[in-house]
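Given as structure tokens, the chain that follows is alone and in the form predicted alone.
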């Protein structure tokens, strides 16, 4: 009888030591896996920062001749003449084209995007909200060259034959405010100057409208997520105080205004950097005109159109200068948007 308990007691320490050794090995493997995962994450971050820094250094190095020889005249002159011996580089016309098309895109795209987000979150039933969200996000997956082909063969003829003639007939006779005179000596009036030259279909308006479609999924998706985070307690309290549906929706939009502004900035960054689709519908002319029906050019467009033709050092440096300006503007825009989005996330966390 004494043999049984003694045998059990003699084997117990061996089993405990075995279990302890197995657990210790598992803990070591877990720690090694955690260390490897953290190292891989840090490596990915450092690689991304390294790529970004490398691109910035390459652009600064490539544009150094332009930075030193052209300087600030690059932004104050609209003359662009790459002929050696008579070369002059000014991107004011390209900055103007980028600003006008981006403004048109935001003017048309922001209300449409916010309205779509409100429909998805606060109006559409569940069986409809999912498919609508999917279709909107699908717009972001379409290549820009496909947008350009559609704009060139479908949108531009439609604008030239149907939309722009109506706009021209509505605004051309209205001459409210004198704003100067044209090079021919004829006086210019607002708003008739916005349609000077007549319908063309390949102009600032076409470039702005194609960008409207391209920024729609970005602004809509972020605005949708912001509205979905509106606390149910505030909504129920508003209804309990007698607020209407529209008043509650305005309260939700006001609650998420910082995030919506961040979404708009991200959309603006996409519009500033877009290239192929705009090239195919804007007309690609180096001039500044108040008319929406005039052809123009953007910063990204001139880079894509002329980079391969830069056959002497200053011309090539000017191209790098344009790319550097685009990179800096994209970084500033995205940092501002991320800052606004982080603010709303911080407010929601504290709430």
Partner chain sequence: MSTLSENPFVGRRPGRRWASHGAKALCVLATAMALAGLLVVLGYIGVKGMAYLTPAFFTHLPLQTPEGMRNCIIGTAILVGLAGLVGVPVGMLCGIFLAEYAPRRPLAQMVQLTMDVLAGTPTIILGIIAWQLVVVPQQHQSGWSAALALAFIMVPIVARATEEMLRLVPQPHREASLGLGASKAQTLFRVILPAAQAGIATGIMLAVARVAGETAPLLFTALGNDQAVYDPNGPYPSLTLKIWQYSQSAEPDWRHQAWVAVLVLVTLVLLFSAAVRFAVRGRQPRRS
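None of the values given here were measured: they were computed from a predicted structure. Residue numbers count along the first chain shown, from 1. Rigid core here is just the name for the largest C-alpha set that superposes within 1.5 Å across the two forms.
Separately, the form predicted in complex with its partner chain exists; it is not shown, and the next lines address it.
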Inset, instruction - Would you kindly say which of 83, 177, 166, 135 lies with a heavy atom within 4.5 Å of its partner chain in the predicted bound form? - result: 135
Legend entry - Residue (of 173, 125, 242, 185) lying close to its partner chain in the predicted bound form, criterion heavy atoms within 4.5 Å: 242
Legend entry - Residue stretch of 85-93, 243-251, 99-107, 186-194 approaching its partner chain in the predicted bound form, non-hydrogen atom distance within 4.5 Å: 243-251
Legend entry - Close approach of residue 323 to its partner chain in the predicted bound form, 4.5 Å, heavy atom: yes
Inset, instruction - Considering only heavy atoms, tell me if residue 150 and its partner chain come within 4.5 Å of each other in the predicted bound form. - result: yes
Inset, instruction - Look up in the predicted bound form whether residue 118 has a non-hydrogen atom within 4.5 angstroms of its partner chain, and give yes or no. - result: yes
Legend entry - Any non-hydrogen atom of residue 288 within 4.5 angstroms of its partner chain in the predicted bound form: no
Legend entry - Heavy atom within 4.5 Å of its partner chain in the predicted bound form - qualifying residues of 37-73: 37, 38, 40, 41, 42, 44, 45, 47, 48, 49, 51, 52, 54, 55, 58, 59
Legend entry - Threshold 2 Å Cα movement between the shown form and the other one for residue 35, core superposed: yes
Legend entry - Core fit, then residue 57 C-alpha moves 2 Å or more between the shown form and the other one: no
Inset, instruction - Could you check whether the CA atom of residue 45 moves 2 Å or more between the shown form and the other one, using the rigid core for the fit? - result: yes
